[in-house]
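Starting off, we have a lone chain in the form predicted alone, written out as structure tokens.
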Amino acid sequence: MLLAIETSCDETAAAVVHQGRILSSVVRSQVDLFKEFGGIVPEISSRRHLELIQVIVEETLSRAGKGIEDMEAVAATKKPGLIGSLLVGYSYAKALAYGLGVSLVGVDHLHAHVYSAEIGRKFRFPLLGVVVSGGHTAAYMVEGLSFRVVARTRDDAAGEALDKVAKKLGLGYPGGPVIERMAKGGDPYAYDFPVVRLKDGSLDFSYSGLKSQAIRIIEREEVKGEKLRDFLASFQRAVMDQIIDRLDALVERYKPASLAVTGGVSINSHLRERVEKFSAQKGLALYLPEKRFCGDNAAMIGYLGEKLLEAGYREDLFSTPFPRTEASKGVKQFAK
């Protein structure tokens, strides 16, 4: 019986997991808190985690019908994320593990996103796992608990580009859901946004150029009414074009048996439709997370945390969280 904690960014979350089953999962978002800023303010976020974490844990245990004394292990996000936010959740988890006398396991947030697509199913390996979110865009070749980075963003993440363009237009935060809603019915080819490819032949992602092109158009012309809908549809299409372009190249190079597309942006219906079509054309088994597991959540932390515990992985109580993942391109990461 495992209690999982997630506080890597602006969601305070907890979950109770037992033998791969999610007994309860509670997520409290800070989105409303940051709408006036048009983005996350790290100091405010970490303070909010401090206020919420005990309340969220108590609610999670109540929903699972369990007491804190029933917990046999604790899992928490160790990396990557905002360091102030990470420290809140990880320190809480360490204190709880110490007080209960149970094992502590630290979980890589991005690896957990990949495994969020396996909840209720079983992966076929080797797997190409792609995480597309507001803070990260990365691809891994996965075999069990071994993750090898095969592509990552050189600059902005996909979700970050959506957020920044929405902010420039005054559409609110977060930008992805707003753009998806307002782009419906628009012409996705009204604006000529090309597929961005890196000159060095790398399969890495890059969204800063696309974002800058979109911002220049906004500054140059009045983008309103029907024009706005076409603009947003075109920009959204271009963001997804790059993902499909890289998937095509990555599948050709690494020959995976299956594909998982995860992270906050994977909730986007336009992306889901395109990924489903792509995987069918390539004959790949496709894993998409349930929509409730697309954004940051503790269920995915607990789900992967159980696997790590079964593999013999443990943290000592002197371990500390990291703001960035230790993975680098071409380096294998193992659970133990």
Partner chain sequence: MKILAWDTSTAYPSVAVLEAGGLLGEINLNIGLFHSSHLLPTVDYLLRLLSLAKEDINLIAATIGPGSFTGIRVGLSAAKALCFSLKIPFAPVISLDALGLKEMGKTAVGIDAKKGEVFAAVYLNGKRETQPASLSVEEFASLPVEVFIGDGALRFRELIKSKNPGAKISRRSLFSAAEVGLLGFELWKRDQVIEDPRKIYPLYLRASDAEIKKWGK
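Residue numbers count along the first chain shown, from 1. None of the values given here were measured: they were computed from a predicted structure.
Not pictured, yet referred to below: the form predicted together with the partner chain.
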Answer with one of L286, V41, V27, L309: the residue that has a non-hydrogen atom within 4.5 Å of the partner chain in the predicted bound form.
V41
Note: exactly one of V105, A117, A214, V88 sits with a heavy atom within 4.5 Å of the partner chain in the predicted bound form, namely V88
In terms of non-hydrogen atoms within 4.5 angstroms, which of the given stretches 286-294, 300-308, 273-281, 30-38 touches the partner chain in the predicted bound form?
30-38
Heavy atom of G101 within 4.5 Å of the partner chain in the predicted bound form
yes
At 4.5 Å between heavy atoms, is L96 in contact with the partner chain in the predicted bound form?
yes
Do S269 and the partner chain come within 4.5 Å of each other in the predicted bound form, heavy atoms counted?
no
Taking the partner chain as it sits in the predicted bound form, is V57 in contact with it (heavy atom to heavy atom, 4.5 Å or less)?
yes
Using a 4.5 Å cut-off on heavy atoms, which residues of 300-323 contact the partner chain in the predicted bound form?
L317, F318, S319, T320, P321
